[in-house]
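First, one chain by itself in structure tokens, the form predicted alone.
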């Protein structure tokens, strides 16, 4: 039994294309991306890092509500999203707002989501996604259902969902991947292993050496990827998508990554459970620095270009904040109106009362 387990665990070696110095170490796995594609991936990662910095500042100013920092996870988030098609359906966790933005959610609506405004949860026409799930792991079973729907309709599309290593300890995680495997759902399950579920280290959540190996019990494909390597994440997701639409079933992708900031801005202090040495180790693996080195070596990126992008990003964020500020304030009557097609009699009376108060 012990040897069997060891044999299984040894199958899940970390998939990598770019090392920490931005050098290609797996030429055969290099994805077919144009120079413009490579530059676009870099633009999105830099944009998202600046957005994260600005969102943290806005949160501290009281201008945003709930916010989960994303710095360090750009390769995992954006590499996977870049491998998707417009028809694909994203079911995100609360740290996965960047994927929604690059899938088509306007930035000002992302800010409204953070503020708890109902318009921040309304996906525009053509944006195949649901708003970020706050309940840990609840989106995983939903993704299995969406993926099964695509299969039954014969559609060239997949569902993709994200959670952290803590989410892989939830019952919904096991139910979701088991259901998807049993019915061959066109789904991709991404577990972003950033080492800590708030403050609980991954080693205390499971005796398994990898999260990827949990795919074996569900009878589905599983792969562990260097989550700081955007090309490796892209390649793994692209292959998983192709397998799904080809009728070969779902895939579990574990991305080894790290969040540089706190779990959320709601009082978490990572210095209480993470060491300075650990932070320094993972800073050397920064996905943006790694990819920048790769692009500079190819003559595709420059400091000047990045600085111009940073300034443009700041202006776009400023405009989006202004648009969010100018959105009419949420009212109690709004919540009643969007919750029911026809109000129950008891709420009709309450709505009249609130309508009178709001008109003053």
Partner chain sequence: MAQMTMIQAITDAMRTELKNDENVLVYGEDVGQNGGVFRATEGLQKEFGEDRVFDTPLAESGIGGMSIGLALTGFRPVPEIQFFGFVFEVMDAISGQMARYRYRSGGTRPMPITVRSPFGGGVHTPELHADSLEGLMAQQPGLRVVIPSNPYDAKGLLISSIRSNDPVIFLEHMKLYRSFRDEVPEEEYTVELDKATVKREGTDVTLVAYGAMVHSSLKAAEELEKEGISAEVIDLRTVSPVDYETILESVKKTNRAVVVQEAQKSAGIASAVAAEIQEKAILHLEAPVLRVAAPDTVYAFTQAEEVWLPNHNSIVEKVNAVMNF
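Only the largest set of C-alpha atoms that superpose within 1.5 Å between the two forms is called the rigid core. Everything numeric in this text was worked out from a predicted model, so none of it was measured. Numbering follows the first chain given and starts at 1.
If you look for the form predicted in complex with the partner chain, you will not find it shown, but the lines that follow are about it.
**Student:** Quick one: from 224, 133, 257, 81, grab the residue that has a heavy atom within 4.5 Å of the partner chain in the model of the complex.
**Tutor:** When the partner chain is considered in the model of the complex, the option within 4.5 Å is 133.
**Student:** Scan 208, 138, 265, 202 and let me know which has any heavy atom within 4.5 Å of the partner chain in the model of the complex.
**Tutor:** Contact with the partner chain in the model of the complex is made by 138 alone.
**Student:** Can residue 111 be called a contact residue for the partner chain in the model of the complex at 4.5 Å between heavy atoms?
**Tutor:** It does not: once the partner chain is placed as it appears in the model of the complex, residue 111 has no heavy atom within 4.5 Å of it.
**Student:** Classify residue 91 as contacting or not contacting the partner chain in the model of the complex by the rule of any non-hydrogen atom within 4.5 angstroms, answering yes or no.
**Tutor:** Looking in the model of the complex, residue contacts with the partner chain include residue 91, since a heavy atom lies within 4.5 Å.
**Student:** Is the gap between residue 197 and the partner chain in the model of the complex 4.5 Å or less for some heavy atom pair?
**Tutor:** So residue 197 does not count as contacting the partner chain.
**Student:** Is residue 169 one of the residues lying within 4.5 Å of the partner chain in the model of the complex, judged by heavy atom distances?
**Tutor:** Taking the distances in the model of the complex, the answer for residue 169 is no, it never comes within 4.5 Å of the partner chain.
**Student:** Even though the partner chain is not shown here, does it sit in the model of the complex so that 152, 344 and 349 each have a heavy atom within 4.5 Å?
**Tutor:** Heavy-atom distance to the partner chain in the model of the complex: all three under 4.5 Å.
**Student:** Out of 188 to 196, 284 to 292, 209 to 217, 140 to 148, where are the residues with a heavy atom within 4.5 Å of the partner chain in the model of the complex?
**Tutor:** In the other structure, the partner sits against 140 to 148.
**Student:** Need the contact residues for 152 to 189: heavy atom within 4.5 Å of the partner chain in the model of the complex, sequence order, or none if there are none.
**Tutor:** Read in sequence order, the residues that approach the partner chain (within 4.5 Å, in the model of the complex) are 152, 153, 172, 175, 178, 179, 182, 183.
**Student:** Inspect the rigid-core superposition and answer whether the C-alpha of residue 25 shifts by 2 angstroms or more between this form and the one not shown.
**Tutor:** The answer is no, as the C-alpha of residue 25 shifts between this form and the one not shown by less than 2 Å after core alignment.
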